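Next up: just one chain, as structure tokens, the form predicted on its own.
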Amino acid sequence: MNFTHLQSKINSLIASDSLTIDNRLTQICELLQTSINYYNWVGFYFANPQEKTLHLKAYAGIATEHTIIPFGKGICGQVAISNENFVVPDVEAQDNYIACNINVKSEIVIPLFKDGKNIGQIDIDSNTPDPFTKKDEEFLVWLNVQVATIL
């Protein structure tokens, strides 16, 4: 996958003042989900530090019942605490995995920082075993830096 082409489209979406932040986040999710064949579900969760929960704000893919995730629960909840990228090549090998869809084989979650604080994350599920590379991780870190500029 050529992430450079996607970066240009994402930069345009980020800069689009005619769209609300929620619309921009949703369009970014849709762009990733339709452009990268192994990105089967893409979503942004944002933290509520007082409640120690993550809340789904925008996504593309099959609807999920996991719209609120407690810190520490599942891959997303672990990232809310660890503040570190989490690449899961095989979700069945994770004891603390929350199954959103029986077809999901792997997941990548990258924290989103604003002013040095972990305020949320991008979560990507794949129906392909072990598809995520260092390039995916680097691209998603870059993406979250861009998203933080509009929050």
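The first residue of the shown sequence is 1; numbering continues from there. This one's a predicted model, so the numbers in the text were calculated from it and none came from an experiment.
A second form of this protein, the form predicted together with a small molecule, is not displayed here; the remarks below concern that form.
Contact check for Asn118: no non-hydrogen atom falls within 4.5 Å of the small molecule in the model of the complex. In the model of the complex, at least one heavy atom of Trp41 sits within 4.5 Å of the small molecule.
Using a 4.5 Å cutoff between non-hydrogen atoms, Cys76 counts as a contact of the small molecule in the model of the complex. Taking the partner from the other structure, the small molecule in the model of the complex has no heavy atom within 4.5 Å of any heavy atom of Ala47. With the partner removed from view, the residue among Cys100, Ile36, Ala60, Val87 that has a non-hydrogen atom within 4.5 Å of the small molecule in the model of the complex turns out to be Cys100.
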